[in-house]
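Here's a solo chain for you in structure tokens, the form predicted alone.
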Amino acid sequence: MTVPPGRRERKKAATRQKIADTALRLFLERGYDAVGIRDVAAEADVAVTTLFSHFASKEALVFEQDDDFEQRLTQAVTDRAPDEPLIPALRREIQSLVRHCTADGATPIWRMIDESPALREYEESMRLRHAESLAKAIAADPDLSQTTTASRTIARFVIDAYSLAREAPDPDAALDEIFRMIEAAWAVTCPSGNFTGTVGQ
């Protein structure tokens, strides 16, 4: 049974969310480069040290769900049912993330990211980190029996699927197309008995 967070944890989470929401509002109103860390802290009514206890950098303020997304990806591997194939589980999670990031109101945020070299660089490093975490989860699963190289390759494909689908005119159709290729690649590397089911099932 999941233990509900205590008062201290709830207060900490609320402060973090307040800082992130304030930062995003200021960035969109004034422009990312025109807003400094002190501006965000002052507007959120917190100390600069408090802001940095929640976010390691200015760029991290824009990607405030970074850790949550990474955890969700690894849990798609570790928490799937014993008889559930890997690739459909990953596709389901990627589809959920894509829908979140293409929801109404997301366009101005991605426009801001695309226009900022610092944010583009941060997003790229974030994607690589997510891919490495996902690869470790795949490699650690004894039922999958994959080499490090195969695990890293499939993980990179999955993370790239998110980026490509997010930018596509029809994200769901793009995911269908991409994951058919990912599943074909997985079938080539998967030992006999570890490959069951298809993405479309």
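On a predicted model such as this, the values are computed, not experimentally measured, just so you know. Quick note: we count residues from 1 along the sequence shown, nothing fancier.
Below, we refer to the form predicted in complex with the DNA, which is not included among the displayed structures.
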property: Triple contact flag 120, 156 and 180 to the DNA in the model of the complex, non-hydrogen atom at 4.5 angstroms; result: no
property: Candidate stretches 64 to 72, 166 to 174, 128 to 136, 41 to 49 - the one whose heavy atoms come within 4.5 Å of the DNA in the model of the complex; result: 41 to 49
property: Residue 18, heavy atom within 4.5 angstroms of the DNA in the model of the complex; result: no
property: The DNA contact at residue 148 in the model of the complex, heavy atom, 4.5 Å; result: no
property: is_contact(residue 161, the DNA) in the model of the complex, heavy atom dist at most 4.5 Å; result: no
property: is_contact(residue 36, the DNA) in the model of the complex, heavy atom dist at most 4.5 Å; result: yes
property: Stretch 9 to 32 - residues with a heavy atom within 4.5 Å of the DNA in the model of the complex; result: 11, 12, 15
